[in-house]
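Have a look below at one chain only, the form predicted on its own, in structure tokens format.
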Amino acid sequence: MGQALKKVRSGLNTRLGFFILAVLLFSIKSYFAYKTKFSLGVSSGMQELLLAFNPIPFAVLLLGLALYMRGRKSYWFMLLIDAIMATWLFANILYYREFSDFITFNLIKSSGAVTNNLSQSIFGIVRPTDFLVFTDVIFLIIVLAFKGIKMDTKAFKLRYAALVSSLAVLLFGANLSLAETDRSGLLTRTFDNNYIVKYLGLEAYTVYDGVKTTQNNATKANANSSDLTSVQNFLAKNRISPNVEYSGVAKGKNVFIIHLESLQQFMIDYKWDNQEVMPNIDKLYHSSDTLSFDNFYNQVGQGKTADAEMMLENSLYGLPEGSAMVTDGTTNTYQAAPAILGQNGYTTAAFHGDVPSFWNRDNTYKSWGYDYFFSKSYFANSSKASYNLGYGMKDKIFLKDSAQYVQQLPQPFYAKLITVTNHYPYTIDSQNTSIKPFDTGDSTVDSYVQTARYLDESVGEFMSWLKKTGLEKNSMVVLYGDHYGISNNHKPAIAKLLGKKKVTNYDLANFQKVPFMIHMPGLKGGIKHTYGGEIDVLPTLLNLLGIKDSDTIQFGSDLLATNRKQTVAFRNGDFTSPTYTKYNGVYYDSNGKQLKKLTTTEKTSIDDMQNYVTNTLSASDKVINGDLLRFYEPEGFKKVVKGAYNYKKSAALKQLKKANKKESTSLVDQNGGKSTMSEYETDAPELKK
């Protein structure tokens, strides 16, 4: 035994021995992280084998680069590479915990647009065991520093280093071959990054994403007008006529889009602590003047809020990685709601209580044709710490301050107001808390009810102001939840909230529902059970407003159409419908029963749905990645001139004043030139001091 240990130690004192130890420790560490930090859906012995094996090829390849170096440099370079890989794994663990996905190059490119106030989120996400991914690096540094392992300074032959690199390639080839036998078309047909990591590892996924990103950039450079033909053919084949009964019923009305940050459908009518959590939104939801949809799903990818905005105002899906608003918002051509309505006599404005660069809004909104973008600098005392929380101004203060500009907009107008207080990590100060936290035992989830209540109170105050000033009578108010607030990584808490012992993939699919409602006095309302999502909002609103929409490049359809296709595509290629649901690769029928062996009828129906989902996502990606709308203008639509917009406060307020002199249709003008802010009542404690 002692002789064997002596040989092992002697082997570790060679450069090759130290390299093998580093590879072994890295692979064990990676497997530990895959099993405990991610939900990769391993369901067979082959997948388990691949999960354990897939860290090895890239570890051999990357750590093996140090073997080409001489002396001590070889050891320190190996440690540097190991530390970089550990840091990358650590970063993905944190990102995955909240977003159930992995970091992409487009996301890294986007990071400058979303870094504001992220420290709170990171502190809320990180767990002590996350730092275990650095233990192998620390261990190797210690044993070298204290000479537990001696550095071998003898020259390592280049041909042996080359053999190690060749071995890495062979190992990866074997890994890929085994993966393809279990999941054919892994690199060509998947929409889910979990598959790549499960079968090939995090490092391979990073390379795969880099290649895809490069290809997408080349696609835009090489795109031409003929690339749009297949997209138009797909849309023509799937275009659904809107509901004529509702066509033009809101013609000439103001449009409010109220963005309910992270609000999920399960909160509608939810009772907690012996009280209704959201009485104001619930009242709107059940109003006879409100069209409400109880099978409306968020369809976002990594872009989250940005993806929701992209779908809502363009009827284009977000990208499979990163945020299209960041990567393509500045340069691409769009035919978005603000431009469409602006060319139909509307004043268009967006309101957000944070910096204008967040999600690249200041540039994207110009591409979309917004006349005004009222961001943080427009609001009085917005720099006060007590007025802000997490990702911007507190909702009650933000909506009240927004009202002072809403009243100045020439009518009719299109106004989007983005709330942020109900945003992860759902922190709220005690003076703004009016309900006790949930008792799931999950600190991330428990405070969600408190920020949701605060959001509801904020919306109630704003709607009360609309009613008092008379704006409600001449407006269509659209409220929507942009994406989930509680991610699938909180399954025990979700089960408790839903009153279940545990949740299935079918439950998680339904948990992706978000509120969507359209309120307007005199509107023939009711709760609609049609299946739809954010991609369908723009066609629905344009029909209600009586605006021509027959030749646009839009991937949604009117939610009120009687013969609409009700297959809702999720960004990763899964879907849901009234008959079948696919979630995390598992199929369910309408009763939530898992379909393990599909009948011929089931397979035919599911294949048709899958083909539609794959094709609609692919066609939308083609439009964005190729910037194809630059080659096409619908009849009566004029291309947006981005340089015509200026969101600098002094310039915008001057423009607004000039517009009011010309139009004289604003609420202030209708009120004899007097402000209506005295009608706005809020119980925000910060404003009472």
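Worth saying up front: this structure is predicted, and the values here are computed from it rather than measured. Throughout, we count residues from 1 along the sequence that is shown.
As for the form predicted in complex with a small molecule, it is not shown, yet the points below apply to it.
Trainee: Counting only non-hydrogen atoms, choose the one of 204-212, 161-169, 478-486, 394-402 that falls within 4.5 Å of the small molecule in the predicted bound form.
Mentor: Of the options given, it is 478-486.
Trainee: Name the single residue among H490, K366, H423, R183 that comes within 4.5 Å of the small molecule in the predicted bound form, judging by heavy atoms.
Mentor: Exactly one residue meets the criterion: H423.
Trainee: Please pick, from Y454, F358, F511, Y199, the one residue with any non-hydrogen atom lying within 4.5 angstroms of the small molecule in the predicted bound form.
Mentor: Flagged contact: F358.
Trainee: Taking the small molecule as it sits in the predicted bound form, is H352 near enough to touch it, meaning that at least one heavy atom pair lies within 4.5 angstroms?
Mentor: Contact with the small molecule, yes.
Trainee: When the contact criterion is heavy atoms within 4.5 Å, does G303 count as touching the small molecule in the predicted bound form?
Mentor: Taking the distances in the predicted bound form, the answer for G303 is yes, it comes within 4.5 Å of the small molecule.
Trainee: Contact between E261 and the small molecule in the predicted bound form at 4.5 Å, heavy atoms?
Mentor: Heavy-atom contact with the small molecule at 4.5 Å: present for E261.
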